[in-house]
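Below, in structure tokens: the form predicted alone, a single chain.
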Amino acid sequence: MAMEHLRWRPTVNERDFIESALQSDLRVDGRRSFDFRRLDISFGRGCVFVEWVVIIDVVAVSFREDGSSEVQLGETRVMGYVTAQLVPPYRDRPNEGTLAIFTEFSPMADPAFEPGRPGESAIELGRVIDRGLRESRAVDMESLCVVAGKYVWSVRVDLHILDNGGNLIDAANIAALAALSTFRRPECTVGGEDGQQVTVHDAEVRDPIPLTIHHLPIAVTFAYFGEGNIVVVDPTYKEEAVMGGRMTATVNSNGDVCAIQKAGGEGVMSSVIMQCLRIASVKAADVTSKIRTAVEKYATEKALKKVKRLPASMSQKTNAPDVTMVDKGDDKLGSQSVETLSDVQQISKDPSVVIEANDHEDAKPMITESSTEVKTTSSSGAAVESDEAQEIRSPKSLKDAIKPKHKRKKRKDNRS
């Protein structure tokens, strides 16, 4: 690069210190050899707008809220956002959409980055991520087809480097996967007389559709030191200036190897590469769980914003009132009458619950478990009670009320 001289170069003492620390299984930032830095994933921090461009039956739609993500891996920060537009497909693949990765290296992230035309680092970064996504068929391209041979969705992922703290490939790969996981493309319908007219619906009319993602290919970068004898994961900015070689393995949570990239440097034995692939499989499962957890949290927060909540004044009026059940006896549900507070106070002197039974002629009497009293009501409404029950419930004198029930029964027998 034209501005390669602006890149930080370690002194001899700094190089010796980093290498001697790695030989003791220690790193400058306090991590172990196979430890990742802290990973933070956020969504929806980009500009929220919808852009419609109609040029020769081509509609470009940009959603910066749902397809936007920002990843911070240690001191490295990368922002990614996804856009989609309707374009004609390739002739050799008329039923598949397209996916493209574009990177932007700004001098704000690193003085060594030259503005304007992308350099070798930007091209390598884009190719590694693109190979891991497209060659592994992580995104279902056939689901992006609208009209075979005429219209397909072209998905574009833009990655902006905000701060270069080392290991840009892993951070940019996570940012691309997070943005693709939250992206929603507009729903479109095909109609018209010839069945070739495409109508793109607004998000307020129909809910956008997420992309079909089969798995998440995670890029894990290894740095080699001391002729390939020392291997570390997730190198920092200073470690990249000292390392002798680098290899990036793209692996999913199932342990499938999607891509491998080794950009020059010192040679590595095959046994070391197999060890790195096993380590990458474990790290890929960990990073995949973090991405899915962040995506689920973002989806939950977004869904809660759409829930309409009642005001506080409405919630105060929803106190549970007293309810009186009246059984009509015609094999239908009894009607429920909700009484106000004033009506409840008027009948507070008689707390008993009144149950009326207007049965038909073939209705059976109601028997309660709390009392042996049996009360039947005919169709005319006249109640017929047994003498025993009437005497027990309403005694004729105070002495009869004090007497036990068995004595009342004995008195009745003497009377008879």
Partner chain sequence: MVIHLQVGTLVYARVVKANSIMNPELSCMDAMGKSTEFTDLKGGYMFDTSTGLSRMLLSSPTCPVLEALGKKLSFEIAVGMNGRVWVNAPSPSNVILVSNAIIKSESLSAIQQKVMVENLLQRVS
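Owing to the predicted nature of the structure, the values given are computational and were not obtained by experimental measurement. Numbering follows the first chain given and starts at 1.
There is also a form predicted in complex with its partner chain; it is not shown, and the following applies to it.
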Only hit among K238, K283, H160, R131 for heavy atom within 4.5 Å of its partner chain in the predicted bound form is K238
Contact with its partner chain in the predicted bound form for R37, defined as at least one heavy atom pair within 4.5 Å: yes or no? no
Looking in the predicted bound form, the residues of 24-39 with a heavy atom no more than 4.5 Å from its partner chain, listed in order, are S24, L26, R27, V28, D29, G30
